[in-house]
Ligand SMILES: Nc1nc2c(ncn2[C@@H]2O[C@H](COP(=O)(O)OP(=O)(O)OP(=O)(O)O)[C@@H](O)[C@H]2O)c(=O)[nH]1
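Next up is one chain by itself, shown in structure tokens, the form predicted alone.
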């Protein structure tokens, strides 16, 4: 398990990356500002070097800050690949590395030719020719830079969820009390952060019990509606959760305040059970303080038909049943050794 130091997601400190258009614009801004000197050859070499150094710096920054696919936790790789296809990502990086070498060779070859040339008009012509070829590569061959930069821009906003820390994923349809429960269980005020392809923000709380530190997360917009309503990218974002070690706690609301019927909520529960077959599932019937015994019994009957064994009756608002449920969840997490699948 990781220590108590606050976890930082792997893309958080990525430097600002320029798109292919921005790289060219940076060159065109700096290029005319180079101070002219009497020695024409020196002046033209300085102009060529400036162009090369700007492009080399920006391309090397992109390559250098890319995540190591062998070291990045699988959870965060899956999130990244919701934005850019994995094959497209690796292909783009290979292309940037390839053309970075091509540009370096062009610069080196033309520089030698300029150094050996004594005719002023030829020195200037060689510089123009080289700069034109280099910029053409950036504009035409390296358009994939834009896809990488866009993906990394989104990746910087991912929530900080420790892929090694035991996690309680709180699921359930809208307005069943998930956010209230996360706040109730968390020992500190939960943090709110973006999560890919949801209309709302993820909520991340933490709970410490002795040496055990547990993450509690709610992912609104993902685990709250039937599978057939989700697009392939959303489904991949959901699949990323499989790589977090821990359990799923599904909330059901059958109170007089409920928005969705019991059958609608059971339908979503079935989807989650099918999507997360490797995760232990716990179910809590929430809002017991405003729910009739008859409705609770109907919910229990439906859950037993699904062979759900771990069922709790709680009120996240009043705290009823929370202690018993939490003790069981923590006991389960303590007794099971969780390891992220590729952390």
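As the structure is a prediction and not an experimental result, all values here were calculated from the model. Positions refer to the first chain, counted from 1.
The same protein has a further form, the form predicted together with this ligand, not shown here; the description that follows concerns it.
**Q.** Stretch in contact in the predicted bound form with this ligand, which is absent here, among 28-36, 297-305, 50-58, 313-321 (heavy atoms within 4.5 Å)
**A.** Stretch with heavy atoms near the partner: 313-321.
**Q.** 159, 190, 245, 177 - the one with a heavy atom within 4.5 Å of this ligand in the predicted bound form
**A.** Comparing distances to this ligand in the predicted bound form, the residue within 4.5 Å is 177.
Q. Which one of 173, 168, 79, 148 is close to this ligand in the predicted bound form, taking close to mean a heavy atom within 4.5 Å?
A. Among 173, 168, 79, 148, a heavy atom within 4.5 Å of this ligand in the predicted bound form occurs only for 173.
Q. Within a 4.5 Å heavy atom cut-off, is residue 69 in contact with this ligand in the predicted bound form?
A. Judged by the heavy-atom cut-off of 4.5 Å, residue 69 is well away from this ligand in the predicted bound form.
Q) residue 227: heavy atom within 4.5 Å of this ligand in the predicted bound form? A) No, residue 227 is distant from the partner.
(Q) Can you tell me if residue 200 lies within 4.5 angstroms of this ligand in the predicted bound form, counting non-hydrogen atoms only? (A) Output for residue 200 is yes: heavy atoms within 4.5 Å of this ligand.
Q) Does any heavy atom of residue 220 come within 4.5 Å of a heavy atom of this ligand in the predicted bound form? A) Flag for residue 220 set to yes.
Q: Between 257-271 and this ligand in the predicted bound form, list the residues on our side with a heavy atom within 4.5 Å.
A: Residue within 4.5 Å: 257, and no other.
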